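The chain below stands alone and is given in structure tokens; this is the form predicted on its own.
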Amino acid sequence: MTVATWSAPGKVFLFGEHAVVYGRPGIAMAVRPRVFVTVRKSRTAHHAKSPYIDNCFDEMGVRGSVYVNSQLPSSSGLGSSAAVTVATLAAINDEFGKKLQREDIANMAFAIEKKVQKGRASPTDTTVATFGGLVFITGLARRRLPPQNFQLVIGNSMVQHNTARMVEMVAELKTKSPEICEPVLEAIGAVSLSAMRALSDPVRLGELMNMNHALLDVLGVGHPQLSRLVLASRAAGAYGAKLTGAGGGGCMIAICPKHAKSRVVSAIEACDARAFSTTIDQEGVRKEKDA
């Protein structure tokens, strides 16, 4: 009996979340924790507890059983649903000999995310999960950037959030106060462009992260616990820190000198949160050795 196991990485938004929804530039990056999915052919359809996985089997028009082992916390802004979707499609593609290319998997995964999230999904998460590395986003265009050796700490506030609700909140603010919201989105885009020119300068990137975080607070997607973690990281020696993803809870990231990473992890954990250090994951979705 054959099985196919594939994995896909999580992602962080280094710069530009929310602003990318309105065509402004952003920078996202694949990170080390992964989601592992094993698929096996079977005559009976196995209903997963995940609408993402069920949709993968429906779209591929096959039946099989599935086992998921995730190193990523869900609903935390680290792209866990995209990683699950991409890894499941790749494992089905392998197990059933469908011969889809990576590009096809990225496109199908985005369509599934969009369907499950009722049209609110961004193709960023599924692109990063499929191809890995560092990605520059403008409008619907995605471009891989040269890899950088960022030293990052991710802090999980342990506060669950709803991505669709956060995106809706920004849309409501944009309708109600366009004269405030538009310049803020424009400024977030400008921060992303400045970061593009400073990718090899972690000190400058830290300053820009701090600016980006403040602008996201203006949009109303911050959270008191995220603010605590961001301030604790900076005090512990990070060059800069910000929330990552939709906000309202979930995760934050800090860019650090290598020697300060463990100190930043301890500072975040002292605020009743979880933390781990990570770096870029250059590999996107990949085949694992079958068990």
Ligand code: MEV
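Because the structure is predicted, anything quoted here is derived from the model rather than measured. Heads up: residue numbers just count along the shown sequence, starting at 1.
Keep in mind the form predicted together with ligand MEV is missing from the figure; the text below concerns it.
By the criterion of a heavy atom within 4.5 Å, Gly245 is counted among the residues contacting ligand MEV in the predicted bound form. Contact check for Thr163: a heavy atom falls within 4.5 Å of ligand MEV in the predicted bound form. In the predicted bound form, ligand MEV lies within 4.5 Å of some heavy atom of Ser122. Ligand MEV is not shown here, and in the predicted bound form it never comes within 4.5 Å of any heavy atom of Ile280. Among Leu199, Val167, Leu134, Ala187, the residue placing a heavy atom within 4.5 Å of ligand MEV in the predicted bound form is Val167. None of Ser194, Gln117, Ser75, Ser177 but one reaches within 4.5 angstroms of ligand MEV in the predicted bound form through a heavy atom, and that residue is Gln117. Contact residues in stretch 14-30 (any heavy atom within 4.5 Å of ligand MEV, taken in the predicted bound form) are Glu17, His18, Val20, Val21.
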